[in-house]
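In structure tokens, one chain follows: the form predicted alone.
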Amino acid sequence: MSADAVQFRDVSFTYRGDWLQRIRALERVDLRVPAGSAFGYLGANGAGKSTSIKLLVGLLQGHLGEIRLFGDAIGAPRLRARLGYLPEQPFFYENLGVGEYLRYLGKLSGLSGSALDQACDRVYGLLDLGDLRERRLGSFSKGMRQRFGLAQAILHSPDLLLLDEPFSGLDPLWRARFKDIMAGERRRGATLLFSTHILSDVEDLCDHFAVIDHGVVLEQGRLADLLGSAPLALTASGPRPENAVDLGDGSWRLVFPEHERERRLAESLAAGASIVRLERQRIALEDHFVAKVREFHAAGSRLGGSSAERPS
């Protein structure tokens, strides 16, 4: 098995917009989603998140570059059984009841007999759908449709769960419930990839992330590496070094990057300072995301391009 559940290699995709204009939705995207990870795909509305996911599941075609799932090129029918997919705007046959529709989808995923019964009972319990199995989908609210959408995505215990804005339309209680279910799917062994523009969701669930804007991946990697790159804050008393902030109670604080740790501590101790604490400052993921996007657009401006003409 490939070490990556998903690989994008130099992937570009355009579609026809108004007045026959070609819109670049993705531009030379390289992306790696490690197998078994929880991967947060971050970007504003229209950044290219949904396009990427639709290419993965085969709803869009005509891309340049290479996309692979578990080491195999996309398009192989046998790969579909390994995927669970919740679209951003799911469509259901509204005249069908929950139980009837769920069993139908389970059969399409290769389930039958007792295995199908057990799978349906599992998602009924997880998403409180058991008492609604006779109810037609057409009567469901937005939040209830999201619940059914997640149920059908996890019904067959897929190896890769692709969720496009899964928390849309949910109240706070169901947002928390969805997070618990998604974490449970990962503990089962599934790879989790979900798109969002809510950064706290990524902090709660993910160990890997990518930031995309206007079809360009600006950054990707391990969330722990990003959070671990935050500067250190040394609080001490005694002789105050240059650039340290006087805290007004005889102590001071000095902020510096990780690579200066040993030098700063040695200098402070040699000067006779008494160390109170050394702590890592917290990176606010939202601030980091905004800074990355602003930096990207500023680079485009320096190159003389508009927001539609992005640097390669």
Partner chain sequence: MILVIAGATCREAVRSRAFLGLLVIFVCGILLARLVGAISATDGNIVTTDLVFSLQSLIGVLVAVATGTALVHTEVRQHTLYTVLSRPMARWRFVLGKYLGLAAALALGQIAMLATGLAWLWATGAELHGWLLIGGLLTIVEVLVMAAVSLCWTALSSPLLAAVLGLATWAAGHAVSSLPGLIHHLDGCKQQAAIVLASLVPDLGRFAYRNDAVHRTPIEAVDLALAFAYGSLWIALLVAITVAVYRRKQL
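Numbering follows the first chain given and starts at 1. Worth saying up front: this structure is predicted, and the values here are computed from it rather than measured.
Here the subject shifts to the form predicted in complex with its partner chain, a form of this protein not shown in this document.
Judged against its partner chain in the predicted bound form with a 4.5 angstroms heavy atom cut-off, the residues P77, N95 and H156 are in contact without exception. For the options D207, E219, D204, E100, the one in contact with its partner chain in the predicted bound form, meaning a heavy atom within 4.5 Å, is E100. Of the residues given (L105, A190, L129, L223), L105 alone sits with a heavy atom within 4.5 Å of its partner chain in the predicted bound form. Comment: 53-61 is the region of 53-61, 268-276, 24-32, 243-251 lying near its partner chain in the predicted bound form, near meaning a non-hydrogen atom within 4.5 Å. Among heavy atoms of G215, none comes within 4.5 Å of its partner chain in the predicted bound form. A residue is said to contact a partner when one of its heavy atoms sits within 4.5 Å of a partner heavy atom; R136 meets this definition for its partner chain in the predicted bound form. Contact check for F13: a non-hydrogen atom falls within 4.5 Å of its partner chain in the predicted bound form.
At the 4.5 Å threshold, heavy atoms of L227 stay clear of its partner chain in the predicted bound form, well away from it. For the partner-free chain shown, nothing in 203-217 comes within 4.5 angstroms of its partner chain in the predicted bound form, judged by any non-hydrogen atom.
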